[in-house]
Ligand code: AKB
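Let's start with one chain on its own, the form predicted alone, as structure tokens.
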């Protein structure tokens, strides 16, 4: 079962899981209708609110679910606008998933985020460091990591998660996150030849192409349980780090005449509270993680995907 299956990560993850395990063996769920994203229509789909634990439990039994990939969440920018909803969905939904997993002996993938880091984290964030995020989204992700650890230690629910950096994908629209500029910029470049970026030109953030993120997710879930260490609920993974200006320049090399203005808004505050780089040596050591996409490959892939 995949929750939040119509979102940025869910769309790609459902596709890859169905390639691996068969269309009929992956249940996609979301609160939105499948018409909002036809990319998951080649297999079973159900409307599901992640805070409706009874419906979740019934679906797990009906479809004989063995694992839940829990992607449903309110992201950073939206979470600041609607903090109570962010807590309700991000924390309440995670509790529903973990309780369902406990009752039905399921494995759980519950991703975290670089938003767990606060301004007191080193600019190259290590695996273990104080987590004092300033955003509501980041706070809910810290709670999510703690809950996942609790259910592993107390109930032996096999929980695993990655701290995703900003993700870049062409298959589905951005979903209300602070790193959305790195997706929006490609759409604007191809459609209008210009983009007004909502972070400053020198803003550097950890980013990752969606293909690397999906592969990392599957590799973590497929790793033998004895290879998963104490970072199981929130492994740092790194793709690459670049400034908004570097991204704009790379796109301009591929799209003649593209221009970009930098007009920071309130999301700049969230971006400034996050690290510039991520130390993912623990993931490399435990389960041999390694990113494959550099900036040039990402730009080429995004332009090709959006141009088809």
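Numbering follows the first chain given and starts at 1. Because the structure is predicted, anything quoted here is derived from the model rather than measured.
Although not depicted, the form predicted in complex with the named molecule is the subject of the following passage.
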Seminar exercise, completed: The one residue among 117, 137, 209, 186 placing a heavy atom within 4.5 Å of the named molecule in the predicted bound form is 137
Seminar exercise, completed: From 216, 133, 166, 234: within 4.5 Å of the named molecule in the predicted bound form by heavy atoms is 166
Exercise. When the named molecule is placed as it is in the predicted bound form, which of 188-196, 145-153, 72-80, 98-106 ends up with heavy atoms within 4.5 Å of it?
Worked result: 72-80
Problem set entry | 4.5 angstroms heavy atom contact with the named molecule in the predicted bound form for residue 161 | no
For this session: Enumerate the residues of 260-282 that have a non-hydrogen atom within 4.5 Å of the named molecule in the predicted bound form, in sequence order, or give none.
Result: 274
